[in-house]
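Given next, in structure tokens, is a single chain: the form predicted alone.
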Amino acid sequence: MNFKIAVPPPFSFLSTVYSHGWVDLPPFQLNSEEQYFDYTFSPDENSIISFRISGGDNSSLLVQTEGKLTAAAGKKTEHAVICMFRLNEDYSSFYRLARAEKKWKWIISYSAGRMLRCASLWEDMVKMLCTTNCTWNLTKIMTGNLVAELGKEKGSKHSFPAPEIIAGCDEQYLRQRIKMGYRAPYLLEFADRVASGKIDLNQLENREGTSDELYKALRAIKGFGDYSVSSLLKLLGFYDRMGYDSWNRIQFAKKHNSGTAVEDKEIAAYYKRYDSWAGLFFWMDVTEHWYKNNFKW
């Protein structure tokens, strides 16, 4: 089953796909040569859906599913794609700021700025937990193990495991088999609270309120510190927080201070004029070399 989803200009499939590391983590399966990715998700406990998505001329997204979908499943798949590519978000003021300064011309050229999401906040949050205090290689190991060991199967593909599945795991299993290490008890408690309804992720994702209010709500969940919550806010449409980690601090220092370490307050001051978009401009700035040097356009 094939269908297209219209996208709001300016839009770039590749800039969104390569915006950060999610596309390297299962159940994403990227084909960089042919410029598409496969993804498998389970919108409810009774179904599992696999699809392939590509961007063509960036005027729409082409979604190809495995087999014919019911009308309900088709709507769930469309909703997932809209969420993943942030198609309902308004970036007009971000691009207006980018056009005002020559140094951001590349953002306009690549239609950069959208950050790829997973199909659910649950998956985004668990993956963010898997990025804390570790190498990217370990992040890939943990998420790969979660999907391969605990995800629903559809042929050779697996979805990301549901909170109920992880909540039923033993802490030692998560530590040793999945390689979650110190994150295991945090993941276990988070999964249990989501599965039991004590944490309503739909309510968190769709709540009205300020960035500060959502930040406080997410920070109240054990295991999620300033870096992970600030980064999650960028996936939820709030870009005012920086989300410092060792990597982006180093990239800023290389680019703006001859490699000498810079205090966080100095980094914040550098982007302060961008107000509610400060965190996104920070991320764009430290990843500019990806767009210019690393990707096949």
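Everything numeric in this text was worked out from a predicted model, so none of it was measured. All residue numbers are counted from 1 along the displayed sequence.
The same protein also exists as the form predicted together with the DNA; that form is not shown, yet it is the one meant from here on.
- Heavy atoms within 4.5 Å of the DNA in the predicted bound form are found in exactly one of 242-250, 63-71, 42-50, 24-32, that being 242-250.
- Though the DNA is absent from this view, in the predicted bound form it lies within 4.5 Å of a heavy atom of just one residue from Arg219, Lys103, His79, Arg96, which is Arg219.
- Out of the listed residues Gly168, Gly209, Gly155, Gly225, Gly225 is the one that sits within 4.5 Å of the DNA in the predicted bound form by at least one heavy atom.
- Remark: Thr132 counts among the residues lining the DNA in the predicted bound form, judged by a heavy atom distance of 4.5 Å or less.
- Using a 4.5 angstroms threshold between heavy atoms, Arg193 stays clear of the DNA in the predicted bound form.
- Though the partner is left out of this view, Arg183 does reach within 4.5 Å of the DNA in the predicted bound form, counting heavy atoms only.
- Residue contact with the DNA in the predicted bound form: Lys140 places no heavy atom within 4.5 Å of it.
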